[in-house]
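A lone chain, given as C-alpha cells: the form predicted on its own.
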C-alpha cells in the first residue's frame, strides 16, 4: 500500500510509566483516530495464560498463544481494548498477578509477533495512535509521526503510584517504586529503543495537555488530508 493510500499512524514509545497510554488515548481523541495500547494486549495474553492454571514458570509460547485464541479487540470510546470471549478485560489485566507475570510473556518472541500482527491489522483499516516500546521501530517503522516519551524515574514512579493508589504516595513508597522501574528499564532495554527519527519529549516538567498539544500539532502537520 502506498503512503498516499494507507491510513495515518502515530507511534508513541517510551519506558514503563512514562505516560504513553494516557497521552496516546488523548491524542487519538483529539485527532479522531483509534487508540491501541500494545501493553494492554500483553497483559490480556498474560491474563488468559493465568486462566489455564498452569504455573507461570512452566509457560511456553505455544501454551500462551493457545490461551490467547479467544482474545479480540473491542471498542471503548476512542480506544480498542482487549476482550476475552467478547467480555472486556479492563479490570482483570491491571491486577498484581498479571503485573508480576507479564514481563515473562513480553519476552517471548512468538507472543511479540502475535501482538504486533494484531496491531498492524487494526492499522490497515483505521487511522491509529499506537503506544508501546517498539511501535516506531519494529512495528511501524513507516509511521507518519514517531514520539519517544521519557521522564525522570522518580516522577514516573510517583505518577504510577498516584494512578494505582488514588492518593499521594509517601517518599518511601516512591523510592521503592523508583527502584522497581529502574530494574524494569534495564530488563526492557532491548525492546524500548528510540527510533532515529522519533521526537524525544521529556515529560518530567510538562503538563499532559502540553505534551498532547505538541503531538497533535506534529500529527496534523505530517498527515495533512489523512488527519
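Worth saying up front: this structure is predicted, and the values here are computed from it rather than measured. Positions refer to the first chain, counted from 1.
One more form of this protein exists, namely the form predicted in complex with 2'-deoxycytidine-5'-monophosphate (DC); it is left out here, but the text below deals with it.
> Quick check: do 39, 112 and 134 each get a heavy atom within 4.5 Å of 2'-deoxycytidine-5'-monophosphate (DC) in the predicted complex?
Checking in the predicted complex: 39, 112 and 134 are all within 4.5 Å of 2'-deoxycytidine-5'-monophosphate (DC).
> Residues in which of 150 to 158, 94 to 102, 71 to 79, 120 to 128 have heavy atoms within 4.5 Å of 2'-deoxycytidine-5'-monophosphate (DC) in the predicted complex?
Looking at the partner contacts, the answer comes out as 94 to 102.
> Should residue 184 be classed as touching 2'-deoxycytidine-5'-monophosphate (DC) in the predicted complex when contacts are defined as heavy atoms within 4.5 Å?
Flag for residue 184 set to yes.
> Is residue 190 near 2'-deoxycytidine-5'-monophosphate (DC)? Define near as a heavy atom within 4.5 Å, in the predicted complex.
Yes, contact at 4.5 Å.
> Answer for residue 106 alone: is it within 4.5 Å of 2'-deoxycytidine-5'-monophosphate (DC) in the predicted complex, judged on heavy atom distances?
Residue-level check for residue 106: yes, a contact with 2'-deoxycytidine-5'-monophosphate (DC).
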